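Okay, so here's just one chain, in structure tokens, the form predicted alone.
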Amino acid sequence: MGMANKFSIAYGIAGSLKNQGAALIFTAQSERFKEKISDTIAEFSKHDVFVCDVTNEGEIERVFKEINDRVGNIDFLVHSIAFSDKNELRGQYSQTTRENFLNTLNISCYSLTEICRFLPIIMKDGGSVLTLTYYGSEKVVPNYNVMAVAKSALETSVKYLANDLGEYGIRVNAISAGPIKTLAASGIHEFSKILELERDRAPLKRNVTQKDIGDACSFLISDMASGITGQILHVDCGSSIVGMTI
């Protein structure tokens, strides 16, 4: 859920999952987005794209019933949905408007909670859920602002949802991905500087790639990670372990 284009983290995840033999289905926010990404998704799936706007009441329940009727049981779900007004991803967090705060938290965090409410219906044999977060939830990153608050709430939600869904055999985890140039990231003011700083301080001396994140996702979703739930896995070339460089 949430692949925007070939530069998306979700694109790298889809590629890795396909390489592991997974059969994939996708959702798009609207008919317009469905048309926009249909060619890209055709690389991975023969199924039609399901439309699901997570901001509309009842939309998630509707689409899951539709998927259940047309496709049947699913084994995993990747939540790659986040949004904030790019005009507020700059300057001071204290200047965040109430409207953008609520909208950012609704789309970027609450959507996962509502999704998980209905998963026992289409994950009858258990399964795995994975969402995406970022280090800005833990430490101050310039201009990340309200998105950092949303990611922090998302990470806490992962733990509570893992506890809720464990009895159904459903695991919930998150990948804290290092900065990568995506459509969403381009809305963050001076994002190119963040990329440079992360590359310079990371022990591996590079930025993460779509493949890095995709392969880690494939592991967490697979039975190889059957005992892992409620965890936040950093895939960032080690940059999150470094407190100071000289």
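Note that this is a predicted model, so its numbers are computed, not measured. One-based numbering along the sequence shown.
Heads up, the form predicted together with ligand NAD isn't pictured, but that's what we're talking about next.
Within 4.5 Å of ligand NAD in the predicted complex, a heavy atom is found for not a single one of 116, 153 and 229.
Interface residue among 49, 180, 63, 220, judged by heavy atoms within 4.5 Å of ligand NAD in the predicted complex: 180. Taking the partner from the other structure, ligand NAD in the predicted complex has no heavy atom within 4.5 Å of any heavy atom of residue 45.
Put simply, residue 29 is close to ligand NAD in the predicted complex: some heavy atom of it is within 4.5 Å.
When contacts are judged by a 4.5 Å heavy atom cut-off, residue 101 does not count as touching ligand NAD in the predicted complex. Put simply, residue 76 is far from ligand NAD in the predicted complex: not one heavy atom of it is within 4.5 Å. This chain is displayed without ligand NAD, yet in the predicted complex the stretch 128-136 from 68-76, 91-99, 156-164, 128-136 comes within 4.5 Å of it by heavy atoms. Along 49-71, a non-hydrogen atom within 4.5 Å of ligand NAD in the predicted complex is carried by 52, 53, 54, 55, in order along the sequence.
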